[in-house]
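Have a look below at one chain only, the form predicted on its own, in structure tokens format.
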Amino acid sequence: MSTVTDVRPPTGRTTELLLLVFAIAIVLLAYANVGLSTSGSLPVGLVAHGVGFLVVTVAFHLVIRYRARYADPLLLPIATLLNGLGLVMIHRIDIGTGSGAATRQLIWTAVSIAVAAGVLWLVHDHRVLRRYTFTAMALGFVLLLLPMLPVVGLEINGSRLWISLFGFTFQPGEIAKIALTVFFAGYLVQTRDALSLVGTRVLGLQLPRGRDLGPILAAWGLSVLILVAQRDLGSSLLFFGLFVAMLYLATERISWVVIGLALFAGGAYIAWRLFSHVQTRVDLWLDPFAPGLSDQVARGVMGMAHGGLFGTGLGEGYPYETYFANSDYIVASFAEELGLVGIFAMIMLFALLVERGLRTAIGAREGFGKLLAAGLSFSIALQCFVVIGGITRVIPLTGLTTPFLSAGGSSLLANWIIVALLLRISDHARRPVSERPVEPVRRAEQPVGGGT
């Protein structure tokens, strides 16, 4: 008679700690290089900032070691390195502009990592989130609607995406992205059989019943309408891509990709016909040097050309000459001072982060975890593509921020929460059977609103 042994994989926590220290060392080296290039001396706050960054990230590592010791060991070091490099570039641009954004971003970094650690500590099992499928949908819509309110809503550069409370501004749509991902994952797990097997065939495409697809189409349509009303078509594209990707992953039907591309083409054409700022961005995409238009794209292109293959060196270029160099155009700032080689290395970091998230999705033992991890990973991948594609003129510019790199507390907070959720799912996926929590499984696998 054979017996089944409970295999205990290595936790990887020591590897994580070593990579974390290495990542912070790279950040401090880059920070020192900026100081030496711009003023000829080491930055005054080099040691203090380095120690503070190390303390915050190691504290998060200790939370992982205690609450999610089987989590993927690469997620935290990669996110730390990207966040740290973003701080360095924002500081470097501050030297040229004097905006003081680096100090605010440093505070947001500490807050974001603390919140991520809190999420990891409180969410002991990601399957619990499935109980709140429709609550997450309602929360997402409320967050999307907040900037439209007359008191707290704030309009900046023609877009109404922010709220202002007690002197602080925040973009609630970043958190809505996570809430709607939870909703999509929870709802698609319940209806994936009906969506993939039941329905009629039209022109070779398998179409589901309206009652199965109706709620999620309504959720997607309402979110896009809200975002269009706020003149934030970049986030609309992000939500749309996330919706189609998760629908394809749940059903494994190529017809959804075809339908999604057709809807995207139609939506893009309508947006181009209706909105003047979309027409302007298309014109800039076709000819960034056209007279009478903004020279933001042209400045970004010339900055990247100035960097060439190996870049001018940190502190040696002029990235601050481009508008929004520390937020929308921070990738162009890196490309100027680190060159094509440096920006490729950063893209590989994002690719590795997404790959670890998708690996987590593959390793998850239940459908909700698979869809949630895949959706969160794809949201990062699509956002990077939209941002970098817009800056390099592969697609028209949309105005989204680069995850972890760009100045802005809302985006940074949302992406650290995504990392925390991926850590939680990966811990469950790699955890031995004997140590896996079992209490929420039965309730989590029931359809929302179902009986006992």
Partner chain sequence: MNTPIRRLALLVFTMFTALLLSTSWIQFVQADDLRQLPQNRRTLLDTYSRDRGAILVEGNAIADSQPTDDDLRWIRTYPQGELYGHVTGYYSFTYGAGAGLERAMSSVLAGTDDSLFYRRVVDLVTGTTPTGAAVETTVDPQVQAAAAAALGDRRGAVVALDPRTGAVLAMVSHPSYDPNSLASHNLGAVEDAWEALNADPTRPLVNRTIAGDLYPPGSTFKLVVAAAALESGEFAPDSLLEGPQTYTLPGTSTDLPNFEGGTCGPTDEVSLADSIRVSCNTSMAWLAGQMGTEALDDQSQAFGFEQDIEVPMPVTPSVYPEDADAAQLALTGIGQYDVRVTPLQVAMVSAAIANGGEVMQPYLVQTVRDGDLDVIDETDPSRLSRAVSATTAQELTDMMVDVVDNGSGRAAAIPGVPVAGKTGTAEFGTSGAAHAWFTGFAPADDPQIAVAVVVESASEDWTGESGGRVAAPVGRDVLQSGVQR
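Residue numbers count along the first chain shown, from 1. Keep in mind the model is a prediction, meaning the values are calculated, not measured.
Another form exists, predicted in complex with the partner chain; not displayed. Remarks below refer to it.
Peer 1: Taking the partner chain in the model of the complex as the reference, which of Pro172, Gly315, Gly234, Gly367 has a non-hydrogen atom within 4.5 Å?
Peer 2: Contact check passes for Gly367.
Peer 1: Answer with one of Thr181, Thr322, Asn326, Thr109: the residue that has a non-hydrogen atom within 4.5 Å of the partner chain in the model of the complex.
Peer 2: Contact with the partner chain in the model of the complex is made by Thr322 alone.
Peer 1: Check Leu54, Ala101 and Leu165: does every one of them have a heavy atom within 4.5 Å of the partner chain in the model of the complex?
Peer 2: No residue of the spot touches the partner chain in the model of the complex.
Peer 1: Although the partner isn't part of this model, could you tell me whether Leu62 comes within 4.5 Å of the partner chain in the model of the complex, counting any heavy atom of the residue?
Peer 2: Contact check for Leu62: no, nothing within 4.5 Å of the partner chain in the model of the complex.
Peer 1: Should Val394 be counted as a contact of the partner chain in the model of the complex, where contact means heavy atoms within 4.5 Å?
Peer 2: Yes, contact at 4.5 Å.
Peer 1: With the partner left out here, check for me: in the model of the complex, does some heavy atom of Ala335 sit within 4.5 Å of the partner chain?
Peer 2: The answer is yes: Ala335 has a heavy atom within 4.5 Å of the partner chain.
Peer 1: Given that the partner chain is not shown alongside this chain, does Gly339 nevertheless sit within 4.5 Å of it in the model of the complex, heavy atom to heavy atom?
Peer 2: Judged by the heavy-atom cut-off of 4.5 Å, Gly339 is in contact with the partner chain in the model of the complex.
Peer 1: Counting only heavy atoms and a 4.5 Å cutoff, which of 263-271, 88-96, 139-147, 300-308 contacts the partner chain in the model of the complex?
Peer 2: It is the stretch 300-308.
Peer 1: Which residues in 338-359 have a heavy atom within 4.5 Å of the partner chain in the model of the complex?
Peer 2: Residues within 4.5 Å: Gly339, Leu340, Ile343, Phe344, Ile347, Met348, Phe350, Ala351, Val354, Leu358.
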